[in-house]
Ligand SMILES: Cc1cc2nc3c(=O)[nH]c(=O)nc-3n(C[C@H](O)[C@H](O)[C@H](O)COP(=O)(O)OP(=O)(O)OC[C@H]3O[C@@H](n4cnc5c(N)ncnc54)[C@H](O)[C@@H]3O)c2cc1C
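Below you'll find only one chain, the form predicted on its own, shown as structure tokens.
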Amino acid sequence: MRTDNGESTSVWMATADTPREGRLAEDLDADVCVVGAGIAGMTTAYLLAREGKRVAVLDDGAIAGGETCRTTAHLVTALDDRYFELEKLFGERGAHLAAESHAAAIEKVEEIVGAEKIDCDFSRLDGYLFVPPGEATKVLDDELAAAHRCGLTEIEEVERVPDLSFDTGRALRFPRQAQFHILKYIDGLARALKRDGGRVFMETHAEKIEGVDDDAARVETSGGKVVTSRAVVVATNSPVNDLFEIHTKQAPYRTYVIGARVARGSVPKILLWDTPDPYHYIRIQEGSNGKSGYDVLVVGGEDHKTGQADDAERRFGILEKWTRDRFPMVEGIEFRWSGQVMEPVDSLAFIGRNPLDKKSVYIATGDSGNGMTHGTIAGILITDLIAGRENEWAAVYDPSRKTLSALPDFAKENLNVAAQYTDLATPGDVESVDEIKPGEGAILRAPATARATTARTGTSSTVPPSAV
């Protein structure tokens, strides 16, 4: 099985289909145009349609065909970035709002599943955070205290995670977390959206996205058709309309996942996370791939910054060994896939009006490893903003925010990006094409002045926005 992002297959892709929709074939007017048909875009579109808005969704691929279909589909208040760290960045009130919003997102998914009768394997279950043997457990004490200060008072310490094949030692139990089959859920959202008058167009690339004024937006597609609307929401994992600000405040990371075949019921139905860097996370998906009597143990981790490693096979191997060492009942590896996670420098997603743009342009990005809840938060928050309602989450998710405590991470992240392009300042192998012999190749580096000129004219770019 291929392991690159384009051709690997997740357990969700193998066990469900999403509806196919046609291309945009005519100019269109809508109240809101949503660009991106993943969890954030489809949730936003669904909630806006429930408010009576005329909604059009555009995606240059299939519904949920990007990073959404490569999730592990956890719905959690146990965030990748600890609450005691969020308190340092946003204060106790900000961390409390983060906890509240993620809990509300789980409740919103559960509400939608019930209201729309979506058969998507949604279930509530416990999640556990543990520290590997030999590592300090202070992180558990700090997180438990911070989580309680944030209002998550049901979280408790346990001596070990129950019913596992290995001893985790002390752990924190996060009750009433959830999981679901993401593609079945998105299919249900799509059906409900269309019932409420929403329109979805696939294989329709948004070539140009602009806010005309504070109450009007325009999206030009590569097919020449145009969508005019009162507002536009860009929900494309990384915002394709942003040229600078957001790209400097977050970075893409590659995460890897395997799906291991285990006998039905041999692994408890829980969510599980450990604390190393990179860390690991697991869940069980009941039944899969047409094999009755089996479950799929989904295990992810071994993250690295996108573009700074090319060793997917090694990382899948590490994941498999980690899994087999702890779950000896594994009978085989059914699935391998990878996905991209956007990591903000201050840990929380960017949801709201796009910086340096008209008030009619909104973005949702920066999933920070919690894409299912951050995407649902985006739907709730952006719907409120467009409807003109106050939402106290707006400040902590504001894309224009400046988190002073995160400035060292901001500088480090952008210096790291710049370091990847130091070769652009070095001479090439040859000074002209005349020096290249037939049948051979070489690097010909353009002079710095020429590179600067082409970058300014827009004919090519040798430095990405995040390195400027």
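Just so it is clear, the model here is predicted, and its values are computed rather than measured. Residues carry their position along the shown sequence, with the first being 1.
We do not show the form predicted in complex with the named molecule, though everything after this point is about it.
Taking 4.5 Å between heavy atoms as the contact cutoff, choose which of T71, N354, S229, T77 touches the named molecule in the model of the complex. Contact check passes for T71.
Sort through G259, G371, P344, G127 and report the residue having a heavy atom within 4.5 Å of the named molecule in the model of the complex. Looking at the other structure, the residue within range turns out to be G371.
Counting only non-hydrogen atoms and a 4.5 Å threshold, tell me whether D60, A235 and G339 all contact the named molecule in the model of the complex. Every residue of the candidate spot has a heavy atom within 4.5 Å of the named molecule in the model of the complex.
Have a look at 144 to 152, 313 to 321, 110 to 118, 197 to 205 and name the one stretch with heavy atoms inside 4.5 Å of the named molecule in the model of the complex. Careful reading of the contacts points to 197 to 205.
Proximity of P399 to the named molecule in the model of the complex, heavy atoms at 4.5 Å: It does not: once the named molecule is placed as it appears in the model of the complex, P399 has no heavy atom within 4.5 Å of it.
Heavy atoms within 4.5 Å of the named molecule in the model of the complex: does A45 have any? Contact check for A45: no, nothing within 4.5 Å of the named molecule in the model of the complex.
Would Q285 show up as a contact with the named molecule in the model of the complex if we use heavy atoms at 4.5 Å? Judged by the heavy-atom cut-off of 4.5 Å, Q285 is well away from the named molecule in the model of the complex.
Can V55 be called a contact residue for the named molecule in the model of the complex at 4.5 Å between heavy atoms? No, V55 stays farther than 4.5 Å from the named molecule in the model of the complex.
Could you list the residues in 86 to 100 that come within 4.5 Å of the named molecule in the model of the complex, counting only heavy atoms and keeping sequence order? Result: empty, none.
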